[in-house]
Structures are given as structure tokens and as C-alpha cells.
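One chain comes next, on its own, written out as C-alpha cells in the form predicted on its own.
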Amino acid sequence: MYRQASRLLIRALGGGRPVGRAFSTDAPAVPVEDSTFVEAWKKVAPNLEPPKTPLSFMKPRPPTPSSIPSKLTVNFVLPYQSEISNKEVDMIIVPATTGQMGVLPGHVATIAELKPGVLSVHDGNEVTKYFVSSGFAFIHANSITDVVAVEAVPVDHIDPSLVQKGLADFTQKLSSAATDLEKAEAQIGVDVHSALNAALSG
């Protein structure tokens, strides 16, 4: 009987025709039950409780303000600590893989992958800069941005002499690498130290 469950579910959902589904950005503000799925499940297995669907695990979507707020709320976290928590700022600039990306209040919802570079937080005349190794920036439609980085350090804590030494060491390793793995590891080292050097000079 259960071997035919998928076919029966498709038939119950509309005979194999495409079923319109909402985009993730259209997720409801409050959790709802997928009634169509539940009804179809009960027809196939009336004695079993229907399994949880993704909608059951989604948190309510934060309300999108009717007008653009004057400040951007930022959370910046690392695996071992929280650098910034619910801080209202004017703007942040993140080192996305597609280039430097400025985020202001009211920015369109976006997920950006981060590359080694400088994350700058602008609050009035104060600018705080962090060097991040990699990560993601989650920009929400309600003017909240969550930045998750693997490693980060304030730019003013970086030792320029160690950066130059590391860059020279990895450049040497890259030129003498014999295997693809050694070349890849050395290239990552060169890229990161080059980004560190650019962060210090910029």
C-alpha cells in the first residue's frame, strides 16, 4: 500500500498538475498547517498521524515595516562569540564574493557569501572595521542583517609585520608546490594574506 503512497498523494494534490507554492519570502507571519498535504495524507494513511512539513518548523516571519526605518539592526556572530548584538547602525559594508556590498535600511532581502576582506560598520562618524575570513550575510526585508563569519578580528589588532611574513612564506610555498593539494593550500594562504595586506593599506 505504501509503495503507492507517492502516486496517490500526487493524484490527491491535483492529478500530477503543478501545484502553486508560495516563495520562501512569502512565508506567513504566523505558522500555518499545510491543509492540502494533511488531507491527502489522511486519504492514503488514515490511521497514521501526518508527518511534520517544513512549515511546522518555520519561525514566524518578522513583520516588514510599512516605512523604511532610519537605522539598520545588525547582528555579527562568530562560532565562539557574538561581536555585535542587535546594534542599530547607519550602514555596513560586507566583502561579498561578488564585490563590496553596502547594506542600508530597507535593503532587499539577500544572502551573500563572504570572502576574505573587511567588514565595516558605520554608525554616525564612527567606523569599526573587522577582517573576516569567510562566512555569510543574511539581509532581511525588515532591515535586520545577520553576519556569520568563521573567523574575524578587528583590523587595528592585525600585526602588519606578521602579515608580510605570512604572505612571503605562502608565496614561496606556492612557487615550490609539487602537488595540487599543496598548490591549493598555498593559494588560499596567499589570497588571505593579500586580503589582510589590502585591509591594512586601505
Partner chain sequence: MASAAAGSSAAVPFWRAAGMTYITYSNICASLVRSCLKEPYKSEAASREKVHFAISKWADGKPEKPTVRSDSPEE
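Numbering follows the first chain given and starts at 1. Note that this is a predicted model, so its numbers are computed, not measured.
One more form of this protein should be noted, the form predicted together with its partner chain, which is absent from this view; the next part is about it.
The stretch in contact with its partner chain in the predicted complex, judged by heavy atoms within 4.5 Å, is 159 to 167, chosen from 64 to 72, 159 to 167, 138 to 146, 36 to 44. Looking at residue 196, you'd find a heavy atom of it within 4.5 angstroms of its partner chain in the predicted complex. None of the heavy atoms of residue 177 is located within 4.5 Å of its partner chain in the predicted complex. Its partner chain is not drawn, but in the predicted complex it has a heavy atom within 4.5 Å of residue 116. At a distance threshold of 4.5 angstroms between non-hydrogen atoms, residue 150 is in contact with its partner chain in the predicted complex. Contacts between 187 to 201 and its partner chain, taken as any heavy atom within 4.5 Å in the predicted complex, involve 187, 188, 189, 191, 192, 193, 196.
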